[in-house]
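This document opens with one chain alone, in structure tokens, the form predicted alone.
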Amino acid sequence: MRITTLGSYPKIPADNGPSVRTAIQRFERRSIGLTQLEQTIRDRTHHVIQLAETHRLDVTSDGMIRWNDMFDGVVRDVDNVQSAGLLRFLDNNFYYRHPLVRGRLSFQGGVVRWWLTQAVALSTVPLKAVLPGPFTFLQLSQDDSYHNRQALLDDVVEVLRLEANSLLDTGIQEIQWDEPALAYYPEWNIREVKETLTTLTKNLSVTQSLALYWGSGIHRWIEPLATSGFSRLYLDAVSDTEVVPRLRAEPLPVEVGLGLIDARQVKKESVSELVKQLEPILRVQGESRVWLHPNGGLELLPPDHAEGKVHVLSQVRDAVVTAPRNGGLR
């Protein structure tokens, strides 16, 4: 079994380390310069990567410390879309600046590529890029230009593919496409989604994963998206309790990730209970094809609790590794 985190991480420290939020506020008040702000961001990113190294994560994100929200980097890289007013992000108690489409989308690139190049240089752990999926971009943006859903979706897919292609030589090992809108909203057409995501992933020479979280409709996507070009599916098993029984039933043709670590609650999970939940899934899916991860980004948690969740990941992995010798998995 392998372990990873899904995306964002707190921008404030658990101790007296660098706080990106404070640095941004000071920068906006002209109390510090750009160089000091950049150093603070790098220090915080390095901390996230060091945490992944300490707990021996198999893959990690850079914590998305530079991102204001899940759309920020892509919006910076695409012409004719801008970050607009704050809206509540699904049913969470935090907000994002929704993308506002003002003309035909055109990819310019450079920002996300530079951000990830800096992070790769800091990391000895394989690093992944986290990008918004096309349906989440479509659902959570405002269209003031196309007034044609399919035309906008087609161009969103094109600019996201161009974004992904621009990252291939940065040293990243994986691209994770985040699609919480598929899990949260029930009205999507399964055939359309599968065809669109197959187009999105086609001929990209890097491991690609899909993350579905923060919704109760995840289980309905498991079979259709298991054959849509992804190497693995990261599935929120906290929000959708049907995920675990499905993965116990029969093997899938892709690697599967279980989001059994609750990224929205400070309570620390029981290692022994998590191992019990995982054992039948490991037997059915195969130990080398199962991942454990939080059920979303950890940025919603206080930083000390976020670190505690990462620690649980490594504890569960170590318990699973020793279980066969104690008769647990065999």
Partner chain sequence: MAETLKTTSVGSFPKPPSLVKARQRFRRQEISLQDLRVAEQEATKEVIRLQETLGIDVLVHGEMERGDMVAYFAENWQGFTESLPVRSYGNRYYHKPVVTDRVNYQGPTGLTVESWRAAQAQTKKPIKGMLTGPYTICDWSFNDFYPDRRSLIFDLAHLVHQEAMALAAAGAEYIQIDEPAISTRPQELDLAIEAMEIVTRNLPAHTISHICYGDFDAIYPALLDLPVKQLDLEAANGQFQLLEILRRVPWPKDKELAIGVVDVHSHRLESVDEVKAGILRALEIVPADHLYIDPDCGLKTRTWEEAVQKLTVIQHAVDQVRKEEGLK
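Treat the numbers as computed from the prediction; the structure is a model and nothing was measured. Numbering follows the first chain given and starts at 1.
Form predicted together with its partner chain: not shown, discussed below.
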item	value
Position in contact with its partner chain when the complex is considered in the predicted bound form, options R246, R220, K194, R97, heavy atoms within 4.5 Å	R97
Interface residue in the predicted bound form among E242, D91, D154, D79, criterion: non-hydrogen atom within 4.5 angstroms of its partner chain	D91
Candidate stretches 49-57, 300-308, 284-292, 269-277 - the one whose heavy atoms come within 4.5 Å of its partner chain in the predicted bound form	300-308
Contact of W188 with its partner chain in the predicted bound form (heavy atom, 4.5 Å)	no
Its partner chain contact in the predicted bound form: L168, any heavy atom under 4.5 Å	no
Any non-hydrogen atom of Y146 within 4.5 angstroms of its partner chain in the predicted bound form	no
R264 within 4.5 Å of its partner chain in the predicted bound form, heavy atoms	yes
